[in-house]
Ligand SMILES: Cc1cc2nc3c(=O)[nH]c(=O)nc-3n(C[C@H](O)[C@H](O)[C@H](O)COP(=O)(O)OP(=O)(O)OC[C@H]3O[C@@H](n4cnc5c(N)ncnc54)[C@H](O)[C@@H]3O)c2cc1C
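Just the one chain here, the form predicted on its own, laid out as structure tokens.
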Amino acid sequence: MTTDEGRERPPSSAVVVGAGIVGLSCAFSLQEHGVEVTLVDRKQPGAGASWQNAGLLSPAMTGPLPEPAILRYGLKAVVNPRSPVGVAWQADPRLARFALSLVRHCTTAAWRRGMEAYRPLNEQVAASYEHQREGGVTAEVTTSDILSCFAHPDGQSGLLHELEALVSSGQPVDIELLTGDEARRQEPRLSGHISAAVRIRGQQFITPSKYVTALAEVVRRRGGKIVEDTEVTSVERRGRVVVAKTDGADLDADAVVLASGAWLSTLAAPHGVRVPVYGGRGYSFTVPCDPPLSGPAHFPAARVAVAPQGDRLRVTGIMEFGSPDAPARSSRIPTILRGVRPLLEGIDWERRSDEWMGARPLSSDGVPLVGATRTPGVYVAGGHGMWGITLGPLTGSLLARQIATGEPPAELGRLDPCR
């Protein structure tokens, strides 16, 4: 929209498609700019990948997924049905396109370019959460070290190589190397199988379901509308407004933000977004754990992370490339159990509950897609992969600033969805 003087007029209304942590954060920040917001979700707020993951806010571990080691490990892993990395095999041409693009980006040069995009974001993670809490989000954000634990001392080398690469990219990381006994003094539930650990200091964690629920409450309290159980089938520009088409009534606004997670590509492709986004399905459950762990722990060899959630422990794992609409596979929870059971003591694994599967929206080049599309008034906020919880509040805020002012923040330069 333009003013009488020909300048772009700030939008007064926006539709946000997808009410996960990214979409809710964008709505929250748009409201701060005086924009009237309607969110539309195919289920309920946070019901996708935002709901029951480990909830780690870990900028020290946040970077592009594609890198050379993925090829070395991944090709062997995907053909092993007991592996924590796999493919939900099905006839899906989107998977083939995503996989080919992912492989092309598994180079050191591509990873370094990706880290140039992540570094200025990682520096602002804690501040972005603090801003939302100052704005009324009451869910707890806990500062804690993260323990990365290994059954064999030489297992540290791979993680240390990754952390050294982060440091060489210009991102500070505060770590301490621990023996197994030193790790158990910090976390007594670690079993005798743990012989070495890396303590990553100064990270944070949340209970995702509680956080997104609290964030949705603030958006509603400020006058935002959340339309549940409604799927947006397409988005198009009609004159001065943008229309989100649903199976029922169409929704029009000055701007539309596509934040639909693993379903992003279908809606975004007609607007010039060519980087494939596909589902990286993760599985999780909770078990009783009282007294709780002192903080989150990460077991890289098993591809498992655990985090305290009150008197229970959330256990998450698996990277399964597959359609977000395909049913969960019953073999995946036992795979997590095989990996983590020998590593923690005093856990009644048979009393697990809250089993869950969610599809993390992976971009094939490992970098989020945040910014304007080729269609005026249509924006994208997605492709965060495993880092949606970590980066959602920040990228939502940055995109809202671009929408409201017409000026993209410098941090979004490398996140251009039409790159």
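Sequential numbering from 1, following the sequence displayed. Here the structure is a predicted model, which is why all the values come from computation and not from measurement.
Keep in mind the form predicted in complex with the named molecule is missing from the figure; the text below concerns it.
A heavy atom within 4.5 Å of the named molecule in the model of the complex is found for one listed residue only; from V378, V367, L56, L30, this is L56. By the criterion of a heavy atom within 4.5 Å, P66 is excluded from the residues contacting the named molecule in the model of the complex. Within 4.5 Å of some heavy atom of the named molecule in the model of the complex lies at least one heavy atom of A259. Among residues of the shown chain, T316 is one whose heavy atoms approach the named molecule to within 4.5 Å in the model of the complex. Although the partner is absent here, E231 is a contact residue: one of its heavy atoms lies within 4.5 angstroms of the named molecule in the model of the complex. Taken together, the three residues V17, R42 and W356 all lie with some non-hydrogen atom within 4.5 angstroms of the named molecule in the model of the complex. Contact with the named molecule in the model of the complex, judged as any non-hydrogen atom within 4.5 angstroms, is confined among 367-375, 30-38, 346-354, 45-53 to 45-53. In the model of the complex, the named molecule lies within 4.5 angstroms of at least one heavy atom of each of the following residues of 366-399: H384, G385, M386, W387, G388, I389, T390, in sequence order.
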